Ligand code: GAL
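So this first bit is one chain, no partners, the form predicted alone, shown in structure tokens.
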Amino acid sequence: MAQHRPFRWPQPLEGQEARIWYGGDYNPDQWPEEVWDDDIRLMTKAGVNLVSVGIFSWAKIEPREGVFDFDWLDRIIDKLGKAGIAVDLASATASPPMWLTQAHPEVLWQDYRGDVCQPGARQHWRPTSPVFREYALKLCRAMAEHYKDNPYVVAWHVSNEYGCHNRFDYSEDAERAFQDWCKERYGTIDAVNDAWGTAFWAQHMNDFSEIVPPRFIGDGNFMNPGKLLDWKRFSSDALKAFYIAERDLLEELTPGRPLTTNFMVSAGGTGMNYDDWGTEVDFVSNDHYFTPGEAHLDEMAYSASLTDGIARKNPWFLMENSTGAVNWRPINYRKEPGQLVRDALVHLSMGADAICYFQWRQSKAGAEKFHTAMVPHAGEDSQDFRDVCELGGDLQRLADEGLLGTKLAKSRVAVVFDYESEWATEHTATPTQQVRHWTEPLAWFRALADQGVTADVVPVRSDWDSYEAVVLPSLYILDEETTRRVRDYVAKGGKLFVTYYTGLSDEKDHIWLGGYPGSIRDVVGVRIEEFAPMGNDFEGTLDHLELTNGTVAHDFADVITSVADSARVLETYKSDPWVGMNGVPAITVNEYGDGKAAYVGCRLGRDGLAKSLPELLDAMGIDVAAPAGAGDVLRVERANETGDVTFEFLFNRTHRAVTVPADGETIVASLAQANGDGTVTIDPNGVAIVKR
């Protein structure tokens, strides 16, 4: 496993006590200076103690090449600091100014057809451009030298959301960098040929100079999957290398000041390998925006748990979320009453010690003017700002009660997520385009929550094998090291849940031969010869399969052709004879060493998994002891190292009021009330926090 940088957290301003950091992105350069004092008045009223400044201010800081204007930035940082508000200062390199791109159009990235991304939005730069790197590092140096002794700057915010728009660049710079990356990874061109299986379709290469990015190959054609997987790895690494260059320069000039960059971890946010990136930051920070509709709470909790897993249970920073609607969806739904406060506390419950928003004051012009903010267009006299003030009070109370110093308590169950398995399943020539890795971990997290179990979501390179029970959900790639860990874990008494689409391939996207699931067939005790994808794109095709427990599989099922003597079949399929699936095993449990491995050979979704879990957990010897209605509330615990202080967060998952046991003192209640009899009643979108 990769070595993480030592954990370093932004420290409070001189004379202040450590608090939960609270604030957001602040863009004073968008406003006349007469607004600044009112901003600080409102920040003080809301309990804001930190803002991120300068994220998109390159053109303001360096209006012409080599000419720097720090005067305005000095004034606002001084005002903030004297008001007791710390600054998370950006390197300001996220988007280059017009003078740079006009002088050096070669820094603009190109898409897979060779079209150039023109300036006019943001992130229109090549990660591999030596010219752009030179200019960006000049800016970093100027920023660091100017602010290295500023007492109000507590952290560096390096660039912003790397890869949000420039994840893939197909330019000549990128081509040369990709060739160098392949040379470093594989050593010889023969090793590349082997990894990419270039014997297929006459793709053999004689030299690294013949490696080209996966550019446009014609509509309806299929890119080499090994090459495409490596391209995604390379693209994540190329952006990471750019971040490291900025980080190292800033660290050299301002030693001791912690550095981070904001990730975009969400259930479907899989552009960068954020677990790999997590080794390179002093503290993990994340931007998360809610999923509208019925998955809102669960997806947020899932993503926050994964962020905590990437942070290895060190405190992490919610760098951006929204008070309400965003601006970038086709339909930008509002948040319901109570969700502003509740959503922030979801992240807090999962280990965040900082709650920040995009942004402080809602813009009156520009592409994000309809994105909500802490101070909306309606101003101070608004429900959003009143909720912002309520949240500030809640965070103050929680800090006073001792929440800082606690961490997300370890669950009994880990759900494993793998960025590279997601990338591999994105290829356009797979058994079905309806299956991707990322959806199955979320379904398991939600189904377990329905049983009263709040699982930890952890990266594949973490210590998942230290948990009582582990879920490998559609973990398409199992390399030799992960295979060994799986074997050791179960053999030593672990309880493993494995699903369809797991262990099909190694790290080169070469199929494990001999029947699926490849390298762990004996562990799970089943052998699969072929798949049974389902859909309705042709009339009369199989679009679902019923199981003997009354659940229904959609999209995908394994054709299990043999079961080990040590395995027990829990459920089979029911189908018409001509389908060939009647009586085929669907869910099994196998004894392996001192442990057990369950296999779920089809896509059941959240509801089907929830209905199947009681029998499956019983067969695995896992007693969850869930009381009636346990799935109505998501329970999350933070505890100190000795376990003698615990904060239990209770989130209502339903659209009705629920009354649940609450053992301890209710110290925060939003749309909730303590009943005085050891219970709390929580309304929809409500949360209660109980201290023991």
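We number the residues from 1 along the sequence you see. This structure is a prediction, so every number in the text was calculated from the model and none was measured.
What comes next is about the form predicted together with the named molecule, which does not appear here.
Heavy atoms within 4.5 Å of the named molecule in the predicted complex are found in exactly one of 153 to 161, 124 to 132, 451 to 459, 293 to 301, that being 153 to 161. Scanning 368, 591, 390, 465 against the named molecule in the predicted complex with a 4.5 Å heavy atom cut-off leaves one residue, 368. Interface residue among 358, 556, 109, 243, judged by heavy atoms within 4.5 Å of the named molecule in the predicted complex: 358. Although the partner is absent from this view, residue 320 contacts the named molecule in the predicted complex, with a non-hydrogen atom inside 4.5 angstroms. In the predicted complex, the named molecule lies within 4.5 Å of some heavy atom of residue 287. Although the partner is absent here, residue 328 sits close enough that one of its heavy atoms falls within 4.5 Å of the named molecule in the predicted complex. Although the partner is absent here, residue 36 is not a contact residue: none of its heavy atoms lies within 4.5 angstroms of the named molecule in the predicted complex.
Annotation for 49 to 68: the only interface residue with the named molecule in the predicted complex is 56 [heavy atom within 4.5 Å].
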